[in-house]
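To begin, one chain is listed below as structure tokens, in the form predicted on its own.
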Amino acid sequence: MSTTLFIGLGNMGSPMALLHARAFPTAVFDLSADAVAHVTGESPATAVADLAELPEGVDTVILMLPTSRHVERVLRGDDGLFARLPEGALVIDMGSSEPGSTRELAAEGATRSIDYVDAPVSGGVIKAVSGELAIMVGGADDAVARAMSHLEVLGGSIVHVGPAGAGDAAKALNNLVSASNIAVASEALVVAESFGIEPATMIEVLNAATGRSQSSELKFPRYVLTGTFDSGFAYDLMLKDITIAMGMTDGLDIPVTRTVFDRLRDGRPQLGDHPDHTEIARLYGLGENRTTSQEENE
């Protein structure tokens, strides 16, 4: 029987694995025993105790890992999955990886007759739970076609953006825009407050006018103005993603996003341990009644 091995059960990976296991035979692995127990307890998924012992019939692997280094460690080497998956297997990397690393891994997989697709996601935990993630897909046409049935269980918008690594590039650029939206809106609220306009009132104005964005419509009302800062996507992961995006910009004239990147990178020490990405607003003095934060992928 064909089985999918889903690796990485964090804030995003866990609800994604639950949805996948309800649609396909799925085995799950994570370093957190609690995360594995949650997914296997709430779905038909089976647990994998050790990646050294793959379940029988695994021909598809979905990765939801923090960085390219984690992906490389799982796939490469004598004990890596590339060496142990059957010819014709499919690997779908759904984390936010580096486009250059992804291209290399796709080429390495091809030498072993393994298809490789990068399919990073956006939408946060809410969309991961509902199966409405935006998925940006990179890879060869035939490999992407093979991956689509798996992606359709998890995403509401699935766009094949180009060859291997293109999905990761698109995700990094999306997060650069997303982070910039939070920073610009934060500055607007600070200016508005100096004129006697309450932050919540200014957000209402933005959302009724042309300045609205996903950040103003969701993140400010739910996570910033409440001071909870618990979107489930870490500042450090956002910073990782926008660093990837900036690494693609050599020789290009991008003064606006370069300024945003410098501000968010240089302001990171102000935010303490494990800040949420919505705490970008705290760099501007907003939402100082912080109550909690969480760390994971968006």
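Given the structure is predicted, the values throughout are model-derived calculations rather than measurements. Don't overthink the numbering: it's just position in the shown sequence, from 1.
Separately, the form predicted together with a small molecule exists; it is not shown, and the next lines address it.
Engineer: Going by heavy atom distances of 4.5 angstroms or less, which of Leu237, Met246, Leu54, Leu271 would be at the interface with the small molecule in the model of the complex?
Structural biologist: After the contact test, the surviving option is Leu237.
Engineer: Which one of Val74, Leu90, Leu206, Leu225 is close to the small molecule in the model of the complex, taking close to mean a heavy atom within 4.5 Å?
Structural biologist: Checking each option against the small molecule in the model of the complex, the one that comes within 4.5 Å is Val74.
Engineer: Specify the contacting stretch among 246 to 254, 261 to 269, 64 to 72, 37 to 45, defined as having any heavy atom within 4.5 Å of the small molecule in the model of the complex.
Structural biologist: One stretch meets the cut-off, namely 64 to 72.
Engineer: Taking the small molecule as it sits in the model of the complex, is Val161 in contact with it (heavy atom to heavy atom, 4.5 Å or less)?
Structural biologist: Flag for Val161 set to no.
Engineer: Phe229 near the small molecule in the model of the complex, any heavy atom under 4.5 Å?
Structural biologist: Although the small molecule is absent here, Phe229 would stay clear of it in the model of the complex, with no heavy atoms inside 4.5 Å.
Engineer: Evaluate Gly287 for contact with the small molecule in the model of the complex, applying a 4.5 angstroms cut-off between non-hydrogen atoms, and reply yes or no.
Structural biologist: So Gly287 does not count as contacting the small molecule.
Engineer: Evaluate Gly95 for contact with the small molecule in the model of the complex, applying a 4.5 angstroms cut-off between non-hydrogen atoms, and reply yes or no.
Structural biologist: Although the small molecule is absent here, Gly95 would touch it in the model of the complex, with heavy atoms inside 4.5 Å.
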